[in-house]
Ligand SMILES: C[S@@+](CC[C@H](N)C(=O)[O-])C[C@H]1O[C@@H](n2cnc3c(N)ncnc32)[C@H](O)[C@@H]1O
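Below sits a lone chain in structure tokens, taken as the form predicted alone.
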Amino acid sequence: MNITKQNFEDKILFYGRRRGRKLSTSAKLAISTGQKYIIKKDNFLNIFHEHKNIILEIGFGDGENLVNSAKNNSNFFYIGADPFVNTTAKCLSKLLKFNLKNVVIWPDDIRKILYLFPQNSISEIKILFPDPWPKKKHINRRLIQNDFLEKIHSIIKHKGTLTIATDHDLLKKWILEKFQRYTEFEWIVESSKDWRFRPHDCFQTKYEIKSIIQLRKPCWFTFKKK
């Protein structure tokens, strides 16, 4: 599938607020000094010439999983995307603290740059706890949609994986229904342990801890590109 800016980026609608509470002085400093981690479109393709094993995390939140993954896996290169200014500042603070060399971020909606990704270029995609948009009138706002699956399918390598985590019962059903119909991915599952426990290559986040405290049950679905 040919993903072009003309057909895709200009039609992106973002729902919700991108900025929360007023940024602290340290958050502003992280944003200003962390520009080396921000993706620039004009040299974005260089990433794929320089790195073979690339993992994309969509919605990195405060950056716990993204930063810990990069710290513990120097042989992989990480791309993170998140549209929220406050969480971007927190993530940049962590990246600067550890002076990581194998990660860059896109501080905006990932759908705006998907057309830039070469086909079959990503080893794995992680989408951890996306907004469930539980109201019926907001169904079209959910990230996991048929057209989105087609777009990410084209950039994942053969037998590459997609991991999605959610603690919302409605979204759990939505995800499984979508992948049951979109058969270009295979659900990697042998027993209930495969969706009840966090995969070994994912790190615990504040959101997951909050979910467990509030007695919600996170599920982890991993799908492989056929």
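Note that residue numbering follows the sequence shown and begins at 1. As the structure is a computational prediction, the values presented were derived from the model and not from experiment.
Although it is not shown, the form predicted in complex with this ligand is what the next lines describe.
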| property | result |
| --- | --- |
| Stretch in contact, per heavy atom within 4.5 angstroms of this ligand in the predicted bound form, of 91 to 99, 125 to 133, 67 to 75, 152 to 160 | 125 to 133 |
| This ligand contact in the predicted bound form: Gly61, any heavy atom under 4.5 Å | yes |
| Exercise: Ile105 in contact with this ligand in the predicted bound form, heavy atom 4.5 Å | no |
| Exercise: Phe84 in contact with this ligand in the predicted bound form, heavy atom 4.5 Å | yes |
| Proximity of Leu143 to this ligand in the predicted bound form, heavy atoms at 4.5 Å | yes |
| Residues of 189 to 223 having any heavy atom within 4.5 Å of this ligand in the predicted bound form, listed in sequence order | Thr205, Lys206, Tyr207 |
